[in-house]
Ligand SMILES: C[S@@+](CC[C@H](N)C(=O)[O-])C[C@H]1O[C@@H](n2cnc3c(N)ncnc32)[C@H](O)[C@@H]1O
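Just one chain is shown here, as structure tokens, and it is the form predicted on its own.
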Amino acid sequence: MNDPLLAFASLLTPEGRALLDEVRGTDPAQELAVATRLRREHPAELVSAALGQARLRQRAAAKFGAEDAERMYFTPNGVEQSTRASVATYRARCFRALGPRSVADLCCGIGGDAIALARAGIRVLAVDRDPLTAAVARANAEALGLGELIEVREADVTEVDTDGYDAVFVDPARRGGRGRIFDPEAYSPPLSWAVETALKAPHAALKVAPGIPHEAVPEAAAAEWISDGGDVKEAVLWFGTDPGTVRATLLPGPRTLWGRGLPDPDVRPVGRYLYEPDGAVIRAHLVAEVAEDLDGGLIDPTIAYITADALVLTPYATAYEITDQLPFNVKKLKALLREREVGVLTVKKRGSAVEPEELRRKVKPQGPNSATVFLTRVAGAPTMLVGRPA
């Protein structure tokens, strides 16, 4: 059974479903023994497919939650590239707030966004041109009891008529044979096609890489960068609402910081506190907004660290109390850490070529205390800032 589509179809049979239940949670170290035992009663290809699916479900639990992941079906690319459930749920709520009752989900993958939209009460047309991916998306809609709200269609998205839908969501492929694709026009389909499609709909959202150049954002779009648990996950271009605006949204929450068109902050000497903005804030170019709220400035014109003399609580940056400022010198840092009996050392860097693990090996921290060291630049000079979370 070398055909992946046939192998997947076998998992949807009564025998396949029973086998999936049996191999649920199989320890990878025991997989060979389990496979040997099961092949005495089931076709070898079916056993391999079931164990492969069990592995994918275990990997997917981090994105979809264990309860959903145990009922859903995945492909390796689907686990890797699908939207995290928390992000998809947030975006579905944004769609819901705009009013659409139906969304054409183009390049739907295994259906992560379609599932979130359907759970928000929105009717979805989910389209993907890959036969296996479309089959998996269809199976996921059925497995989660959403088959009545999600229609899955195997087709080229550029040939799908979306006129009958209130909104469009496009998630172009941003990976190729050589890895990540950074040129938006090299997406599949290209960003220009996605924008043209979005402009035809009353509302639309395009999922793009968080590294998209700001100059590539169309004037008609609102741009949003999203992080989840501190990790930047994606950028979204929204059409039909708030054109020209920029915002950063942090999950869980959500907490949203809107751009105010501020100039770059002033550079100041390092004060008592150092603030590390969330990655979504940095990607959205909203460091100035956070600095204004903190009554702070930058430590260097090219470094996204904010310094201030007062401790101000903000969800958009992590605060550290700075105890020492040193020119970059490993021996001096080692002596300081030995004096402070620092054994747990967190190393952060921005604007430095030194790797954290390399520094940690050289200073050999020992002792009961902990500290954070920032390898960075202050007013252009290589600097080490030592402190602790405020």
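Note that residue numbering follows the sequence shown and begins at 1. For clarity, every value in this text was computed on a predicted model and none was experimentally measured.
Absent from the display: the form predicted together with this ligand. The rest refers to it.
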Quiz item: Which one of these stretches, 236-244, 259-267, 150-158, 118-126, sits within 4.5 Å of this ligand in the predicted bound form when only heavy atoms are counted?
Solution: 150-158
Quiz item: What is the one choice in Pro184, Gly109, Gly297, Pro100 with a heavy atom within 4.5 Å of this ligand in the predicted bound form?
Solution: Gly109
Practice problem: Answer with one of Thr162, Ser82, Ser227, Thr89: the residue that has a non-hydrogen atom within 4.5 Å of this ligand in the predicted bound form. | Solution: Ser82
Self-check item: Contact test in the predicted bound form: Ala220 vs this ligand, heavy atoms, 4.5 Å
Solution: no
Exercise. Mark Leu311 yes when one of its heavy atoms lies within 4.5 Å of a heavy atom of this ligand in the predicted bound form, and no otherwise.
Key: no
Quiz item: Would Asp278 sit within 4.5 Å of this ligand in the predicted bound form, counting heavy atoms only?
Solution: no
Exercise. May I ask you to state whether Pro210 is within 4.5 Å of this ligand in the predicted bound form, using heavy atom distances?
Key: no
Quiz item: Listed by sequence position, which residues of 131-149 have a non-hydrogen atom within 4.5 angstroms of this ligand in the predicted bound form?
Solution: Thr133
